[in-house]
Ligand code: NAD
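One chain comes next, on its own, written out as structure tokens in the form predicted alone.
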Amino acid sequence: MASSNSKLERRELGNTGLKLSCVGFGASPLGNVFGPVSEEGANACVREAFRLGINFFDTSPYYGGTLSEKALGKALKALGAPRNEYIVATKCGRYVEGFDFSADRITRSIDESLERLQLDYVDILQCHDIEFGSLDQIVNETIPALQKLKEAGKIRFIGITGLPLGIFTYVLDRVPPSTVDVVLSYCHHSINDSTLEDIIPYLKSKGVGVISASPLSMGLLTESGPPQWHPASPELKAACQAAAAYCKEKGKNISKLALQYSLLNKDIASVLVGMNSVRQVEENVAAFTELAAAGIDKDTLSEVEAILKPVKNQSWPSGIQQS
């Protein structure tokens, strides 16, 4: 049986009592979304993550059309660790066939997810990318359905995810206090966009835990650059490309710098990073270990920030326009 030997910092997630590893395991790549991952490869990846102190695993039925949940479920089973030693989050409402935040679909969704994950409960169930649904339906129908699942013991905590930050305040202002436990934000706590920091005081005042995903801005802050479909403007892509080239020229890696930057904010319980190989797991954990020992490379960071300054906090539209 694998045992966790944690060098990773654990951070409290809002008022949940959960302590998450500051680097979280994003399991979407296990759904073959960035190329094939064998069952053996997925198992090795999860085993190494747990061994190095990662205790938080995040997936969704949407990733790889349920493949990510199945692969993560098999890997956790193969790990053989006690259930209370790892934290699993999955999502509901977004599927390969489209969005459905109805109470009926959410209620069926968790049973399907638990079967694929081979678990009796998940720690966090999150409404996935709520900007693509009606926020009023989320408030009046979806979240009450999730509360029933919580009462039934199938989930421990309730979360919401999405890109536009305004969706979080819209929902949290309209649900009873302590109803939503967690928000998962992505692409808003990275070197090119730090707008998540603006709403952290509000989220803390509501007792809501914060998870941040995509510290590399969906590939913008990488040497190889973003995928073809990336929704960023040409200016934003060009600035990030210039920043990556600067780092490479100086013998630095922009992706490592970007992950370390995201890890600096202790109000963020966990920074989720997609991983699909043992090497990626080791690099991500090493980035934190190095940060803890030596701090961030301030000179390179300030140069990169200067290059990105003209496009700082520029985002892109996501979801159906909420009036």
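These numbers come from a predicted model, not from an experiment. Residue indices: 1-based, along the sequence shown.
Beyond the structure shown, there is the form predicted together with nicotinamide-adenine-dinucleotide, which is absent from this document and is the topic of what follows.
- Heavy atoms within 4.5 Å of nicotinamide-adenine-dinucleotide in the model of the complex are found in exactly one of 262 to 270, 44 to 52, 290 to 298, 28 to 36, that being 28 to 36.
- nicotinamide-adenine-dinucleotide in the model of the complex is not approached by Gly73, whose heavy atoms all lie more than 4.5 angstroms from it.
- Interface membership of Ala78, defined by any non-hydrogen atom within 4.5 Å of nicotinamide-adenine-dinucleotide in the model of the complex, is ruled out.
- Contact annotation: Gln280 falls within 4.5 Å of nicotinamide-adenine-dinucleotide in the model of the complex, judged by heavy atom distances.
- The closest non-hydrogen atom of Gly274 lies within 4.5 Å of nicotinamide-adenine-dinucleotide in the model of the complex.
- In the model of the complex, nicotinamide-adenine-dinucleotide lies within 4.5 angstroms of a heavy atom of only one residue of 222 to 237, namely Thr222.
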